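Here we start with a single chain on its own, the form predicted alone, put down as structure tokens.
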Amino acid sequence: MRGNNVLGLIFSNVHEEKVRELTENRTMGSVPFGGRYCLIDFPLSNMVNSGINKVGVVTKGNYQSLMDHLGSGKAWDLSRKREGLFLLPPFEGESVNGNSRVESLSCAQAFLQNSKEEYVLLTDSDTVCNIDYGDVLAQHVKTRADITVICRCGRLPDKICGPTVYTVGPDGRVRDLLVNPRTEGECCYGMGMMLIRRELLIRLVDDCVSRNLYNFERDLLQRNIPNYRVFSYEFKGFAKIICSGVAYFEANMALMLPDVRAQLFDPSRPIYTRVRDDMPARYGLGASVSNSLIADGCVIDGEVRNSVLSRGVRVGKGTVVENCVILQDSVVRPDSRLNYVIADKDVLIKNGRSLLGFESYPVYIAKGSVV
């Protein structure tokens, strides 16, 4: 993919209402994942690995943590004199249309018009995957498509927000689009990613705004399927849409599987993130760790099984942490027992506490809480 031919746009605030416990004080894009990453690292790294060197991050609110994480974009090689990383905060007042992609694109019209790239790649930040957008562009050009939507074939994920289900012909052309359908069994559903010509996107957004139509799926996509050549690109690798607290927990737990890690963290297509210089993880004499991901800076004196521990987590003596996701700088004091728990950043769990959730309903502890 020619780096100067595709402009990347990432929506960092999408579908936050489905994981409100994790996004109360941060954007969806800055939700921690896998011990050392944030969700936005995946679409951002996928774009950089595909040769896209100009990326705009569209924000709506609560983006302080996102700014802290992204910085100048140096970790993704996007700190440049030309092109690079652009943060696109809301340019207008408080939205009356909620978290509308159409309105966000309308606010970012100056950024789109001043860009010179022929194509725009739109993506949400709530999908964990490792995808080569070069293949998407190659198919887009080959089929002479106006719009290419990236989708998966299978059962709709539980509690997915605003699912889009496509009817695809034998030639890969999209014949119909259903929004929020009652679908049972397998189907072809969207992943929140789309490739489109920049000039066409500007024209479609202007048309929607002039008609007071602000639903991206219904008004920009569904309404224009008969008018343009819309094709689908099926992604067959590992992908997990973070559409609920349970989906977030399951996505972290999936990292215990070697096949998932091999697909998600392909050495030829690395996932980049902001570096935090810290000491290596330290294990005490009585520590026991099995089938877990332990980030740098952790101090483990107890027992950890089948869990994901982020940077700087401390586990005291006599403590058992099992099937848990413990985020950055949290402390679990001695003689505690945790099972199926999601602990946000800077949580303190006192001595002798016992917290037990379930696989389909993990216990969530809010950021900075003392339990």
Partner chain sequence: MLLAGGQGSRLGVLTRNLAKPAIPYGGKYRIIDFPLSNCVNSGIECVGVLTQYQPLVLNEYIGSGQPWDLDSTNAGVRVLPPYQRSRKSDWYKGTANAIYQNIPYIERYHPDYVIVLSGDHIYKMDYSKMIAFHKEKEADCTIAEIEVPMEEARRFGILNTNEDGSVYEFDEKPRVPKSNRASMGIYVFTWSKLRKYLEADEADPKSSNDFGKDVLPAMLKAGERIFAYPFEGYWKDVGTIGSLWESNMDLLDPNVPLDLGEENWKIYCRNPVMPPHYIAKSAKVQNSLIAEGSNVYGTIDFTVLFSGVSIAPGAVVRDSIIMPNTRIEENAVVQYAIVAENCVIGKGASVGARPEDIENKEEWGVAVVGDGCVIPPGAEIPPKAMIDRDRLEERVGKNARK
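Residue numbers count along the first chain shown, from 1. Everything numeric here is computed off the predicted structure, so don't read it as measured data.
The same protein also has a form predicted in complex with its partner chain, omitted here; what follows describes it.
Visitor: Which of these stretches, 237-245, 160-168, 268-276, 183-191, has heavy atoms within 4.5 Å of its partner chain in the predicted complex?
Guide: Of the options given, it is 268-276.
Visitor: Check each of Ala138, Leu200, Cys107, Ala287 and return the one that places a heavy atom within 4.5 angstroms of its partner chain in the predicted complex.
Guide: When its partner chain is considered in the predicted complex, the option within 4.5 Å is Ala287.
Visitor: Which residue, Arg229, Arg223, Arg80, Arg261, is the contact with its partner chain in the predicted complex, using a 4.5 Å heavy atom cutoff?
Guide: Going through each option in turn, the one that passes is Arg261.
Visitor: Check Tyr37, Arg282 and Asp296: does every one of them have a heavy atom within 4.5 Å of its partner chain in the predicted complex?
Guide: Verified in the predicted complex; spot residues all in contact, yes.
Visitor: At the 4.5 Å heavy atom threshold, is Arg173 in contact with its partner chain in the predicted complex?
Guide: It does not: once its partner chain is placed as it appears in the predicted complex, Arg173 has no heavy atom within 4.5 Å of it.
Visitor: So in the predicted complex, does any heavy atom of Met256 sit within 4.5 Å of its partner chain?
Guide: Residue-level check for Met256: yes, a contact with its partner chain.
Visitor: Is Arg26 near its partner chain? Define near as a heavy atom within 4.5 Å, in the predicted complex.
Guide: Judged by the heavy-atom cut-off of 4.5 Å, Arg26 is well away from its partner chain in the predicted complex.
Visitor: Although the partner isn't part of this model, could you tell me whether Arg311 comes within 4.5 Å of its partner chain in the predicted complex, counting any heavy atom of the residue?
Guide: Yes, Arg311 sits close enough to its partner chain in the predicted complex that at least one of its heavy atoms falls within 4.5 Å.
Visitor: Within 4.5 Å of its partner chain in the predicted complex, which residues of 120-150 have a heavy atom? Give them in sequence order, or say none.
Guide: If the 4.5 Å heavy-atom criterion is applied to its partner chain in the predicted complex, 120-150 yields nothing.
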